[in-house]
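In structure tokens, one chain follows: the form predicted alone.
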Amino acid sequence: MSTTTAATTENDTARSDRARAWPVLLLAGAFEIAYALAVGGSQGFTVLSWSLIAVVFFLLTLFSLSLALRTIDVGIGYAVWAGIGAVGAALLGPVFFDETLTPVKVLWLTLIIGGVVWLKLSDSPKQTQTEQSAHQ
């Protein structure tokens, strides 16, 4: 196998891994939302059922996040994960608990969502020296 073919195969694999990492990161974000809501329901870990649910979702979110961060840069992945958790908990808090969602909160949550989208868009795969040479 030539160097160019090997580099192309390696780059295709890296792109495929990156494409799979984003859905895993979104799943980690969903687990983070569930964890945050379960912690709220646990009332300071004094309600056993909610506390156990919180522990399960905590482990699921960390495991999923660690899988996604194998491919996605830590700074990008962590910011997206935290943003998903924050927005999701803020939007669902009023549904499950006695919380309010004001227009000002919605404005700032929209800003967080915009930041998460731009972070995803900025996460383009880095071209290796071999790949750059192959394109010349």
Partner chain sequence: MHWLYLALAVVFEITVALTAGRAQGFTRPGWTAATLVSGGIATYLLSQALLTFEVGVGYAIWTAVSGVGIVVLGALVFGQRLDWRKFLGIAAVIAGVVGLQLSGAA
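By rigid core we mean the largest C-alpha set that fits within 1.5 Å across both forms. From a predicted model like this one, the values you see are computed outputs, not experimental measurements. Residue numbers count along the first chain shown, from 1.
There is also a form predicted in complex with the partner chain; it is not shown, and the following applies to it.
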Residue within 4.5 Å of the partner chain in the predicted bound form by heavy atom, from Ile76, Leu26, Ile53, Leu62, is Leu62
- Leu37 near the partner chain in the predicted bound form, any heavy atom under 4.5 Å? yes
Check: Closest heavy atom of Val95 to the partner chain in the predicted bound form, within 4.5 Å or not?
Finding: no
I'd like to check something about Ala30: if you look in the predicted bound form, is any of its heavy atoms closer than or equal to 4.5 Å to a heavy atom of the partner chain? no
Worksheet entry | 4.5 angstroms heavy atom contact with the partner chain in the predicted bound form for Ala21 | no
Checked 84 to 112 against the partner chain in the predicted bound form; residues with a heavy atom within 4.5 Å, sequence order, are Gly85, Ala86, Ala89, Ala90, Phe97, Glu99, Thr100, Val104, Lys105, Trp108, Leu109, Leu111, Ile112
Exercise. Is it true that Ile113 shifts between this form and the one not shown by 2 Å or more at the Cα, once the core is aligned?
Worked result: yes
Cα of Gly114 vs Val39, shift of 3 Å or more in the predicted bound form, relative to this form: the pair sits closer
A change of 3 Å or more separates this form from the other: in the predicted bound form, the C-alpha atoms of Leu109 and Pro23 are farther
